[in-house]
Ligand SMILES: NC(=O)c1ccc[n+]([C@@H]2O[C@H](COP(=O)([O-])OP(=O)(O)OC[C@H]3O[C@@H](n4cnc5c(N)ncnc54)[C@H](O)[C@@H]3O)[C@@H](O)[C@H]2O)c1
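Only one chain comes next, encoded as structure tokens, the form predicted alone.
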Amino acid sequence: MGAGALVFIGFMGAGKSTAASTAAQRLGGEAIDTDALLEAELRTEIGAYFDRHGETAFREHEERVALETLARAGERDAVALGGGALSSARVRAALASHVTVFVEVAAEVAWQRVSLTGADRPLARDREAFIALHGARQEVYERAAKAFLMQGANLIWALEHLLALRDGRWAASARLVLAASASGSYPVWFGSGLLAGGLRHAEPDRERFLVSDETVGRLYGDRISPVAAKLLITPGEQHKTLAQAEAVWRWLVAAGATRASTVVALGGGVVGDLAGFCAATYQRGIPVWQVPTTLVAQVDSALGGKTGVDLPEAKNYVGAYHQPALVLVDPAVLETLPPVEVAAGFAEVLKTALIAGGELWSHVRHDRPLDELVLLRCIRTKLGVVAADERDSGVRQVLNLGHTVGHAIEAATGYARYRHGEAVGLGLLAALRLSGADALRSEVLSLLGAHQLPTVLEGVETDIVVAATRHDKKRTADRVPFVLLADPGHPEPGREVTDDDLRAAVAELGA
């Protein structure tokens, strides 16, 4: 890419000025705030100029100041760009020689911050209009960004990875999501072709122990180099067991893994969950790098730090929270994924879109192609939820939409009849019926059918599935909390449902 400035973009109240100031101080350069430059040039506050001369006149000044700033900003500088500056195509083009960092902020958080400052912002005088503008601007920020600074991510830590991106240490296609959680931050490297370059830029001196399955290992195992040792397991959910975990632990011992080693999980959800759990528990915890190769894993299971194995009675019943030290998502590997696996992954994309609402739901409900922007939105949706609640004590439970019944179906059928995504698709239908969202359920039913996903439950009795829900790991005392959803973007965790309603919703799947 070549050296350039770090340019922080995003909505009002995101914290761009603070980020630019912090970055410039660490880099030894200048912090440049284009809004401050504008006010100095106009000799009045932005709100006053807006009211007197109108938005068109203001945007002309804003564009010129932004272009002049981007033309002179150097590699030690950090720029905070005005929230509306990206409405100019010329400004968007000028960003190409810099590293553009989208500072993410939720609409309600932005409104609270802007309201507290007391500053007169012309586009922040009406809450509803403010929220609508936040949504309208997201895509232009997303398309311009090379990096995404998630809410809560530590900028001092993030600078190391931002400079690696700026200095071309990763492929030109690389984009970076800087994830945050209560137990730590980590980089998610994203881009087609990234796996072809291996992980040579990620802590090259650290000894790596590769865990993959026999199928993925043959296709991509040689791309994770160098490795101290490699273990290939048998594919399939039925092999995500304590016995298999013991085999991995003993292999790590025999291969000489220490607390200075890293486990690299190359594969789908089974490999990621199993290898992550083994890393979490080996010598009381060593780092894991997640390299997901299925759609389910890329948009869901490789992110957020949930690891574990299944018991015959219930899915993921033995596990640990263990955030990855790094995630590498290469959408190009999905080209070698069998169509049935891509379809199964679509169910997790659909679940995420239902939770997120907005543009992501609009894209998915119209069955548009699952391009890189959609995958990035799914990744950032999940990471945003995890940042707010790492350990499922509250809002993170929304990610289980469709999973209570879905996991029960998997357990009741011995983890052999349905792929995880297929079971989740059926679980979504049950959850939407329990939510009373009949029209939305019909829409989801059509989408599942269009992707050749099962919409009828076969091979298991209703009562067996209902009984299996009682082993759900979120159960507290005598109740199993469900995630319900009446409208996209408004999931409701912790809801109780009656036995009769649950039985009817599951029975309908088999009708």
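Residues carry their position along the shown sequence, with the first being 1. These figures come from a predicted structure and were not determined experimentally.
Although not depicted, the form predicted in complex with the named molecule is the subject of the following passage.
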In the predicted complex, is there a heavy atom of the named molecule that lies within 4.5 Å of any heavy atom of Trp251, even though the partner is absent here? no
Hey, in the predicted complex, is Glu237 touching the named molecule, heavy atoms inside 4.5 Å? yes
My question is simply whether Ile224 lines the interface with the named molecule in the predicted complex - judged by any non-hydrogen atom within 4.5 Å. no
With heavy atoms only and a cut-off of 4.5 Å, decide whether Leu86 touches the named molecule in the predicted complex. no
With the partner absent here, would Ile9, Ala78 and Glu104 each sit within 4.5 Å of the named molecule in the predicted complex, counting heavy atoms only? no
Can you pick the stretch from 299-307, 120-128, 185-193, 141-149 whose heavy atoms fall within 4.5 Å of the named molecule in the predicted complex? 299-307
Quick one: of Arg380, His98, His420, His161, which gets a non-hydrogen atom within 4.5 angstroms of the named molecule in the predicted complex? His420
In the predicted complex, which of the listed residues (Thr352, Thr404, Thr293, Gln323) lies with a heavy atom within 4.5 Å of the named molecule? Thr293
Given a 4.5 Å distance limit between heavy atoms, list every residue of 327-351 close to the named molecule in the predicted complex, or none if there are none. Val333, Thr336, Leu337, Pro338, Glu341, Glu348
